[in-house]
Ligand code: GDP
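In the block that follows, a single chain appears as C-alpha cells, in the form predicted alone.
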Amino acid sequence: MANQNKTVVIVGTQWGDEGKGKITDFFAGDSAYVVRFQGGNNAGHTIIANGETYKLHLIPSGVIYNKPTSIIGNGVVIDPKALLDEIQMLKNRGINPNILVSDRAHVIFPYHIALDDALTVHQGGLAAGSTKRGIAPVYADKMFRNGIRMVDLLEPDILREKLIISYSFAHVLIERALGGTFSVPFEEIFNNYVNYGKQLEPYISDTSVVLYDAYKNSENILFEGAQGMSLDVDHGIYPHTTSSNTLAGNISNGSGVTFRKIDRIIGITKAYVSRVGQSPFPTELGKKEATELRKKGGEFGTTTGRPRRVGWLDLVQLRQSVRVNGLTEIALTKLDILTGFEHLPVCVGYDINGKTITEMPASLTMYRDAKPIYKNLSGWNELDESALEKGYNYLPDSLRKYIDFIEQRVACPVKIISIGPQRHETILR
C-alpha cells in the first residue's frame, strides 16, 4: 500500500504544476477522504490512469477511484457552473463522483470574473498574471464580509439579501473605480444561482464534521494542495501570487478541523521549474532552450493552456518550501524529461549586487536583481524502466547524484521519484 499513514498532506514547492495530481492519485486509493483546502478553478490537476487522461480543476484528484470521498473544503472558492460542468464531465466518462462540498465555501459570481479582468489591467506590471476566474475578488469579498457561501444558494431569501450588497459593491468598483464594464442583470444572476444551488444541494454539507469524525476514527485522510509555495499570498513572491495560502499549515483553516498530528507532509518538486504568470524568475531559460524543454515536458497550463515559462531547478525556492511547510519528504517529478541533457545547472543561491543570498528575499527589488549561482551537475542519457521493478539503485548514477545533491542542499529526503506520467512510473525509497 502506498499510504500507511493516517493524515498526509501533499503541497507544491514551486509555482505549481509540479505533478501534484499524479502523486495525489498515487496515494488516493488507500485514503478514505481526499480533501482540497484552498484555491479554486484557477488551479488544474492532470491525472493519467489506465491510459485515460483527466483534467480536474475543483474536484480532488482522488475522484477517479471508487473508494475515497472527495471533499471540497471551506477554504476553496467555487464557481458553481464550473463545478457542475466538471461533475458532468466525469459522469460522461463513466465516473459517478463521490464528492462533498463545504457549506461554508465561498461562491464566485460573474461580477468577480469581470472585476478580476479590470484589476489585472489596473495592476499592470505588478499583476500576478491572473487566470481571470474571479479568484482574487471572491477572496477579497470574503474579507470585506460581502461574500456569499454555498449554503446561501440553498436559501433564496438570504441569497437575494446578500446578493444585493455584493452585486452593487462590485458594480461600483468595476465601473467607477476601475473603468471597466459589467452588464449582466441582477435577476439573471440570482435565478441562475438559485438553480445551481438546487443542482448542487445533494453534495453540500458540513464537511468539517465529516472530517472530524473521520479523524477520530483513525481513517486515512489525504490533503491535496493547489498551486505552490511561491504563490502563497503570505510567503510567496508577493504581489505575484495567488490569493490563498497554499502551505500545509492552511489545512486547518481550509477544512475546519484542527489536526494535532500530521503524519507526512510531502512536497512535490519538479526536477526543473515552471510557472504560468508574471513575476521575476531568476533561473528562467532563454527562448531557444525554453522552447525545447517546454515541448519535451508538455509545459502548458492545465487551466488556461498558456505556455509555461521554464527554468532550471532553484534550491533557494525549494529550501524555503522545506522550511515553511515543515516537509517530511520530497517527491521529485519529471526526472524523465531531463534525460539527454549533458549538463544540468542547479541554482544554489542568488548573486544580488555582489552578495550571495541563499534564502528567499522578501524585497521585490532584491528579487528582481537576483542572478542565479549555478552548480553544474552531470546529466544522464537514458532511463532503464527496469528500475521501476528493481528499485532506486538501478537508476543512472548521475541521476542519483542529482537527487543526493538536492537532499544535502535543502536538508530534506527525496523519498518518491517519478520518472513518467503514469501512476506505476514511480519509485519509493
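Numbers for residues come from their place in the sequence shown, where the first is 1. Keep in mind that what you see is a predicted model, and the values were worked out from it rather than measured.
The form predicted together with guanosine-5'-diphosphate exists for this protein as well; it is not shown, and the discussion that follows is about that form.
With guanosine-5'-diphosphate left out of view, the stretch that reaches within 4.5 Å of it through heavy atoms in the model of the complex is, among 352-360, 331-339, 97-105, 144-152, 331-339.
Interface residue among Ile48, Ala32, Leu364, Ile373, judged by heavy atoms within 4.5 Å of guanosine-5'-diphosphate in the model of the complex: Ile48. At the 4.5 Å threshold, heavy atoms of Cys412 stay clear of guanosine-5'-diphosphate in the model of the complex, well away from it. Proximity of Gly44 to guanosine-5'-diphosphate in the model of the complex: non-hydrogen atoms within 4.5 Å are present. Contact check for Arg308: a heavy atom falls within 4.5 Å of guanosine-5'-diphosphate in the model of the complex. When contacts are judged by a 4.5 Å heavy atom cut-off, Ile419 counts as touching guanosine-5'-diphosphate in the model of the complex. Interface residues of 13-32, taken as those with a heavy atom within 4.5 Å of guanosine-5'-diphosphate in the model of the complex (partner not displayed): Asp17, Glu18, Gly19, Lys20, Gly21, Lys22, in sequence order.
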